[in-house]
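One chain comes next, on its own, written as structure tokens: the form predicted alone.
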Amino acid sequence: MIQAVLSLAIIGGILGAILGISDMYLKVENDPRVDQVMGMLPNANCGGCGFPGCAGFASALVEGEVSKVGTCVVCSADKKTEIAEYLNSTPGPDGTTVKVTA
């Protein structure tokens, strides 16, 4: 019994170390603008824009798949303008900005 518990503890420790080391080298860096745009959206997750929730729409805006913030039917006009100004003026990790309209 003690031998089985000890074996499982050793295996768990080795696998945990492998996962910890893998986490350091296999991280996926996200564009911080996606989180910022997510904070500006109403987070209704209605799908009215044609994307699966506000996270999908924010990602599409930042990646340049959508060029008009007005696709979001729930967002107010002031927020649409704020999002467009933010994306037009804030460069991403590669140094380029996204050109979108309100």
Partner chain sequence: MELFGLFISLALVNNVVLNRFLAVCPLLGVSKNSKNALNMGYAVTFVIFIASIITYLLYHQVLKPLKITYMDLITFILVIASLVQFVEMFLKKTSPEIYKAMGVYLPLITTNCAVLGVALDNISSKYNFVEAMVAGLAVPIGFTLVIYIFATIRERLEIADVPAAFKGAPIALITAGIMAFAMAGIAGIV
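By rigid core we mean the largest C-alpha set that fits within 1.5 Å across both forms. All values derive from a computational prediction rather than experimental measurement. Positions refer to the first chain, counted from 1.
There is another form of the same protein, the form predicted together with its partner chain; it is not shown, and what comes next is about it.
> Quick check on residue 26: any heavy atom within 4.5 Å of its partner chain in the model of the complex?
Contact with its partner chain, yes.
> Residue-level contact is defined here as any heavy atom of the residue lying within 4.5 Å of its partner chain in the model of the complex; does residue 22 satisfy this criterion?
Residue 22: contacts its partner chain in the model of the complex.
> In the model of the complex, does residue 12 have a heavy atom within 4.5 Å of its partner chain?
So residue 12 counts as contacting its partner chain.
> Contact with its partner chain in the model of the complex for residue 63, defined as at least one heavy atom pair within 4.5 Å: yes or no?
Residue 63: yes, in contact with its partner chain in the model of the complex.
> Rigid core aligned, does the Cα position of residue 20 differ by 2 Å or more between the shown form and the other one?
Indeed, residue 20 is displaced by 2 Å or more.
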